[in-house]
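One chain comes next, on its own, written out as structure tokens in the form predicted alone.
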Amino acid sequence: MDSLPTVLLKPGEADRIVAGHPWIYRGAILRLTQPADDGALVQVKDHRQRFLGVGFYNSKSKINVRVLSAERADIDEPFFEERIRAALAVRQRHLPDATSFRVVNAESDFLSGLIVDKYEDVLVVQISSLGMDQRKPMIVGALQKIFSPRAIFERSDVASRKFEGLAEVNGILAGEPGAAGARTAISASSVAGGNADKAVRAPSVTVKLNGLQFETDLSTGHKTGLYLDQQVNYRRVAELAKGARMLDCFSFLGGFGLHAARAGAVHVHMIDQSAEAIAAATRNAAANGLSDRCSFETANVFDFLKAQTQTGPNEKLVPKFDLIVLDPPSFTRNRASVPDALRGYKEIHLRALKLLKPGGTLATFCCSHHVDAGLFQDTVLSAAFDTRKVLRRIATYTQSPDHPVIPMIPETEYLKGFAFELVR
């Protein structure tokens, strides 16, 4: 282990690493004791030569080192197997009845650059760092030992890979490529090189969340297929839906809407700008025997809300809904775009509050790490002030426990939400 290249940190830069944050930026490094290949394992020490851990090095990235272990460890297949089993134990403890969930959540599970999602008997892997990408065969081997999945599919189609010097790649890594059942074996060399078969689509999976079925396209769905991070919130928001007329904005596959319909909503109207998502949500409603309580519309949510809140001269707007859910995709990918994002969040809340009946409930979410819970709530309250509404907060939401939050790693906390009752 002492033969590894050593990354020495500048004075004052070790505290974050000791506290558990795995990222070492280029500007925090004093020097390397010897040259290190990109993707290679290095050891990290402070400026006084005290050992801090081992991790993957990449000179191409602003994050020069991603620390994997505070101990001296060989990063091999047994290491990945042990670390993934530990992550799985957390899910089994906090989501004991779930059959689909996130198994590995990168930094949250001390495997920076690696995400693994379980959709019933299929696994989806997403890799965003060079060191992890080079060890893909080890990761696949560990996953096969632990889960014996029908298939392992790669969805490494995130733009952040370019900052690691990596191209985007999708494809089958192991198992059945699709419904036809022909099995595809991919060699370790091709996996290591990122040459997953792009011509083969991922298997289509019927995912079960809280007892409901969702048809999921693992090749093109949002994130790695659907929003596993809302699994608990689907159930919690549905508790507010009995007897309600509900508007589900940014409905995607119908997560909130179908849970609400099953819980006793009188009617749920789902809106999404994706025709494919609306078609899938329509099929999901039928599969769960909920079509009679649901309606669907392909539309831009901003345009829909604007049209619904327009009034003519001397015309008074009559609120239509007892429950409105706003679960938009992230409006911002960086801090520079936060002001524009906040204007977007305020706009949809202004419109939604005008459509909410007195005594009704607004359940609203933000999935941007750059907009914290306080700022998000302030934006909602600003919209309420402008519409002369008074809100009572009745619930606070966060990401499901398969997306753990490590407080010393702020980047692991991104999803926040609230439920507000309209007092007047």
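Everything numeric in this text was worked out from a predicted model, so none of it was measured. A residue's number is simply how far along the shown sequence it sits, counting from 1.
Just so it is clear, the following notes concern the form predicted together with ligand SAH, a form of the same protein that is not shown.
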- Note on the structure: ligand SAH in the predicted bound form has a heavy atom of only one listed residue within 4.5 Å, and of 243, 211, 96, 329 that residue is 329
- Name the single residue among 80, 227, 345, 119 that comes within 4.5 Å of ligand SAH in the predicted bound form, judging by heavy atoms. 227
- Query: Among 288 to 296, 103 to 111, 252 to 260, 146 to 154, which stretch sits within 4.5 Å of ligand SAH in the predicted bound form, heavy atoms only?
  - Reply: 252 to 260
- Query: Contact between residue 272 and ligand SAH in the predicted bound form at 4.5 Å, heavy atoms?
  - Reply: yes
- Task: Give a yes/no on whether residue 321 approaches ligand SAH to within 4.5 Å in the predicted bound form, heavy atoms considered.
- Result: no
- Message: Even though the partner isn't displayed, in the predicted bound form is residue 302 close enough to ligand SAH, meaning a heavy atom within 4.5 Å?
- Response: yes
- Message: With the partner left out here, check for me: in the predicted bound form, does some heavy atom of residue 235 sit within 4.5 Å of ligand SAH?
- Response: no
